[in-house]
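Same protein, same chain, two forms; see structure 1 and structure 2 below, as structure tokens.
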Structure 1
């Protein structure tokens, strides 16, 4: 699928119409730069995405929301909203450097020194340096404040020891931003520091974790006397929790992360698969009818997510902090991703195996969607306490 009728998005929003000049400009550039379908092999897929990232970055289409002084265009959240919709409708590859582009980059702008910004922001934007996020640990997943990885300042270096897990694409990363304890005896939110750790060193071991989808998207990362330059601290020493909370706002509220437009494209793929299965008799009439009911429900839910994202973009443009609203978009997105993956596999049925396709991949890979950035249960607690004012 290379292009779509833009009406698939559903009702137009007043501030982001389909004929908006920004959409027209981006749509024309995308039409002039067609991209091949993604390969199934994960390593090949990473290289494909990185090549596309560099193509877009070289033409000024990466990091549009970044300030102009850092290489972006300084666009507002509504323009960013349109950007995500257009690149999804053109079936372009997903971003390859999301941890750097969406998470660390903006956090570095908010908390980093001038030296760190100058050193790292250009490489994040260009895709020349890849990043991963070292937060979760084997015993500190959703309860991040219980983490135990430690760093001690020895001369001009931090010496880091500990273990991180569920580290997305760590095997491809040049750097990892690591949240660790730098104050002896500290507990919970106190005494934490956010460090930038080079991955390519003897003290860092990356061990990919094979998932039920067959991918090795996540990794364990072992830090054994890993070395970090003294000044590679994001924010203040001992104030890592503040930097982490800034990062989480970007992670849970970003329109690219919730990805409603890519979901709509995927839903059309479901419809195509269902139509073929009906035609060749793979699905009975009753099963096909059930599948269509599921798809109609998914379309409505994706439209709800789109409205939620649009509302967030409007509020952000007005200068309002989204805060816990990001947990709401994360929760809706995670549950939708799982149901959409199952719908695609159900629509394809056994026919995909006969044709040698991997249509069950979406079902299997989507199981982790309600765990990303805090489980759905954690998101519900945040919504209940901070948006609804319910007791803990």
Structure 2
């Protein structure tokens, strides 16, 4: 489809100009590859995203930050920044397989054996194999090192037993990377191992959890004598914590990083909805005026997120620590996502109570944004203690 004008993004940045050759190339490709809007039904939505991922991957437009030897383009963070802006302006489906693409893939490149890299990296990139993350457990959330899922080597296989939770899109995944205890009697960070566990087997039961939005995006995963080939270990046996720490490095701030342009495009939908509701009398004059003020504030806040993302990309390109930016991005993104979801619904007044509408769904779904990947309250603690040096 034809991309929206760059004007939607706001003022240009010096290092990512709107006439940059990368943008021109990507826009031209996007113009030749139209894609339908996202469906509301969760299963259909996931398939839609997965199919689009495969279309893009087939043309070399996925995993651009991956090194060339692993099928990426080795682009720098500022190019990534432009990439996310352009795909949002073309209203493409949201990224899928991010646990593989953002987290496990780069971790495999750092810690994995040559055999594992050759076996799994191509499928992550192409989208032929989908991934989920098996870290959190019912009694081990923020305190991950207390996890109790265990694996025992029996012959040529690991036999895994335990329970994982909050596993996003486990029901669509082919593989789960599972952090588990492989040394009996070990405690905390010691004796852990990162295993690659096939999901489609008798020993793995996925029970999706229903959310207030009606979706069931995350699941409980029960591991009852689940089997994993002996060599499917990321890094060394017993060194799982180190592999997990590598993986977490890739997670920081990524959600916000990818999202400001999608939010700006979404805000256009909110503005359209408000115009319609005003014209047909759905909203009172006072309520419409308030909604307009809220939408303007949102535009400003998205610009702030965008500026944080840009700073993050500039720092990352220079090889500097994200420091302040990474923690702040999470907080700003989560609060913004919620208010954007609410504004979308508010723009249509009472109609946004009716099920089957995007705005109805967006308002409910967005409530999670300031909870997952660290609540806003945890983020504020981190900012206050680590950045501002306030005492514990």
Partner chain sequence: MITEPLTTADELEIRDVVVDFTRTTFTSERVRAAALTPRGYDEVAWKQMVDLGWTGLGIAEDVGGAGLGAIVQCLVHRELGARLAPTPFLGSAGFGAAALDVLVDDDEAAHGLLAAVVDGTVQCALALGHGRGWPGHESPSITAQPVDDGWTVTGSAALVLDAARADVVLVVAALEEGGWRLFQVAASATTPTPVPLLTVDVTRTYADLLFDHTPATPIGASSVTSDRVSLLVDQIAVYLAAEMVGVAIACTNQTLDYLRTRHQFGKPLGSFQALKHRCADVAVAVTVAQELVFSAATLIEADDFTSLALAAPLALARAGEVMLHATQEAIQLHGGVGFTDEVDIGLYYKRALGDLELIASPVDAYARMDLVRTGKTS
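Quick caveat, the model's predicted, so the values are computed rather than measured. Positions refer to the first chain, counted from 1. Rigid core: the largest C-alpha set superposing within 1.5 Å between the two forms.
Kindly point out the structure, among the two, that is the form predicted in complex with its partner chain. It is structure 2; that copy is the form predicted in complex with its partner chain.
Once the core is superposed between structures 1 and 2, does residue 156 show a C-alpha displacement of at least 2 Å? It does, since the residue 156 C-alpha is displaced 2 Å or more between structures 1 and 2 after the core fit.
Comparing between structures 1 and 2 on the rigid core: C-alpha of residue 239 shifted by 2 Å or more? After core superposition, the displacement of the residue 239 C-alpha between structures 1 and 2 reaches the 2 Å mark, so yes.
Relative to the superposed rigid core, does residue 192 relocate between structures 1 and 2 - that is, does its Cα move 2 Å or more? Comparing forms between structures 1 and 2, the residue 192 CA shifts at least 2 Å.
How many angstrom apart are the two C-alpha positions of residue 385 between structures 1 and 2, if you fit on the rigid core? In the core superposition between structures 1 and 2, the C-alpha of residue 385 moves 2.6 Å.
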